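We begin with a single chain expressed as structure tokens, specifically the form predicted on its own.
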């Protein structure tokens, strides 16, 4: 690795760290300026002012917010996300370890499905430009972009769980079948929008690439159509698609909150929604920070992959 590329990577890591620091600050301040505090919520509506004051002292909320924020950053540097304010006061780290794998699993399956189907449909649409196949794919992709997840979820449940009774309507602690049956509908619904976006982007990029001179030259030399499409055209058109896949993956990790709640999946998204309802500040702060961390890391990974796919970017960095 040359010094220029190493310096570029170091700057990206620095920007990522600053972004996470900014996210933690905004989350902390937002909780600070919101009406009421955790002591008021835990004490209940009938609590006396003296009881609220004592509870605020026990939680350390009577100290200046700047001091508490510095302590919060110190805890983060040691991997300490604090304890939940509700139930058994479980450490937030344990909550994250228990729920994050489900969110990553669902989001990963969704983006893989979206990428494979999106690239395939986008390539087919570009090759059959302005014909029936192209127009059909464009119509379907338009519906995928415009119909939101919270509309697709009840429709899928009505069709596949209620009417056809072939898939479970939601997660259960006692699974009555293979795990994939419980994840199929959430994964497909999550994949619908990025699949449509990747399809349209891949189509546009492929059409532009197929009009390039090197493609015309390869066609004139008698390169077989399949090899021309996959090895020459798709390889050069894939760069913006890879960027879109990375961006959509980041959004899926946070956009899964609604789907996890709808299908009762024990993921970090459903945990965040429940924490917001209860006003459980440590859990809210942790879930927001983790979602931001994953999003930043994914974009960093995309930045590292791009030079591998396009030598021109690697040469520019050098």
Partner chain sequence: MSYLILLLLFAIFGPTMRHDYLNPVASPLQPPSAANWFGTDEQGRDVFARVAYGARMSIIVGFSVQLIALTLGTLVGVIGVFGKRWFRDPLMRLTDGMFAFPDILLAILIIGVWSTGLVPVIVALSITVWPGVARLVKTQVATLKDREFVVSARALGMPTRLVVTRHVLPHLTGILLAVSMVDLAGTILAESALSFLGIGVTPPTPSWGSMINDARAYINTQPLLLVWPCAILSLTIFALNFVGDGLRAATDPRNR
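Please read these numbers as outputs of a predicted model, since none were measured by experiment. Positions refer to the first chain, counted from 1.
There is another form of the same protein, the form predicted together with its partner chain; it is not shown, and what comes next is about it.
Are 151, 162 and 276 jointly within 4.5 Å of its partner chain in the predicted complex, each by at least one heavy atom?
So, yes: the whole triplet contacts its partner chain.
Only one of 130, 146, 211, 77 has a non-hydrogen atom within 4.5 angstroms of its partner chain in the predicted complex; which is it?
When its partner chain is considered in the predicted complex, the option within 4.5 Å is 146.
Using a 4.5 Å heavy atom cut-off, which of 183 to 191, 153 to 161, 120 to 128, 100 to 108 contacts its partner chain in the predicted complex?
This holds for exactly one stretch, 153 to 161.
Heavy atom to heavy atom, is residue 291 within 4.5 Å of its partner chain in the predicted complex?
Contact check for residue 291: yes, within 4.5 Å of its partner chain in the predicted complex.
Mark residue 258 yes when one of its heavy atoms lies within 4.5 Å of a heavy atom of its partner chain in the predicted complex, and no otherwise.
Answer yes; at least one heavy atom of residue 258 falls within 4.5 Å of its partner chain in the predicted complex.
Though only this chain appears here, would residue 136 touch its partner chain in the predicted complex if you measure heavy atom gaps against 4.5 Å?
Judged by the heavy-atom cut-off of 4.5 Å, residue 136 is well away from its partner chain in the predicted complex.
With heavy atoms only and a cut-off of 4.5 Å, decide whether residue 19 touches its partner chain in the predicted complex.
Yes.
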